[in-house]
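Let's start with one chain on its own, the form predicted alone, as structure tokens.
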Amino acid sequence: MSRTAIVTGASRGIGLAIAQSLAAGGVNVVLTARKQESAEAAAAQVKGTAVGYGAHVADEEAARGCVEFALERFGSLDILVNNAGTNPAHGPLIDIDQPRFAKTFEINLWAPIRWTALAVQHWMGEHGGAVVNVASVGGIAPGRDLGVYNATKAALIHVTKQLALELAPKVRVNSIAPAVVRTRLAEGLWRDHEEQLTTVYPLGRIGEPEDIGPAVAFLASDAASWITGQTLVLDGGALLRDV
């Protein structure tokens, strides 16, 4: 029986690339986006049985509906990729207002915990499964003007370890920590100064979404069956330098 995955925030960029990599391995994929039409448009770019489901990642009822939909449509929920993220808070940490602080933590931290809980309650707790959280190198090393975002990703890395401990041996939980990838979310970090930015990376370029998808597919696969609680850094070597 084919495995089934939910990938949150999969309408473009890293999420879409992850969905495409999973589908290439024969996985049924449910791609989420805030709007149904965006989710369906993304699913149309994925081979196989992929379908779109409109669900705001912070809406618990929508999340529950998506999990139930995946089970009704495909009969299992074997993989959850918590990819959806946001970064509305840019600037010094002490200058961030409470609404933007709260929104960043709600999307980047609370939502992955809630989606994981629903996946475990509805399927994985009994049948097993794999969860992959999309964190960031900003959760490992601090960076200017991204303090709140980086704090959520540092917390997500710790949450990955905590959930891996709590949910073993049935469910494996790992995360990835990308550096700057050519996506709309990270556009402000690379759009006007990509040539200068690439000097930071020993491998000579920023990341592409296609660099991320196969890594997530590996962590979700049986080839990683003895890996849990780990964070795979995907950074072109950036952390080798003092950035």
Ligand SMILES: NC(=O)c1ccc[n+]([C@@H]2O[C@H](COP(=O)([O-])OP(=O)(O)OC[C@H]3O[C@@H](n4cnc5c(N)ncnc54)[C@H](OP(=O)(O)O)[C@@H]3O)[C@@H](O)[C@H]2O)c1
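A quick note: this is a predicted structure, and the numbers were derived from the prediction, not measured. When you see a residue number, it is the position in the sequence shown, counting from 1.
This protein has a second form, the form predicted together with the named molecule, left out of what is shown; the following refers to that one.
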{"property": "Option from 118-126, 68-76, 131-139, 160-168 whose residues, in the model of the complex, bring a heavy atom within 4.5 Å of the named molecule", "result": "131-139"}
{"property": "The named molecule contact in the model of the complex: Ala151, any heavy atom under 4.5 Å", "result": "no"}
{"property": "Contact flag, Ser11 vs the named molecule in the model of the complex, heavy atom cut 4.5 Å", "result": "yes"}
{"property": "The named molecule contact in the model of the complex: Gly85, any heavy atom under 4.5 Å", "result": "yes"}
{"property": "In the model of the complex, Val57 touching the named molecule (heavy atom, 4.5 Å)", "result": "yes"}
{"property": "Proximity to the named molecule in the model of the complex, single hit among Ser38, Thr198, Thr49, Gln45 (heavy atom within 4.5 Å)", "result": "Ser38"}
{"property": "Of Ala217, Val27, Ala63, Val180, the one that lies within 4.5 Å of the named molecule in the model of the complex (heavy atoms)", "result": "Val180"}
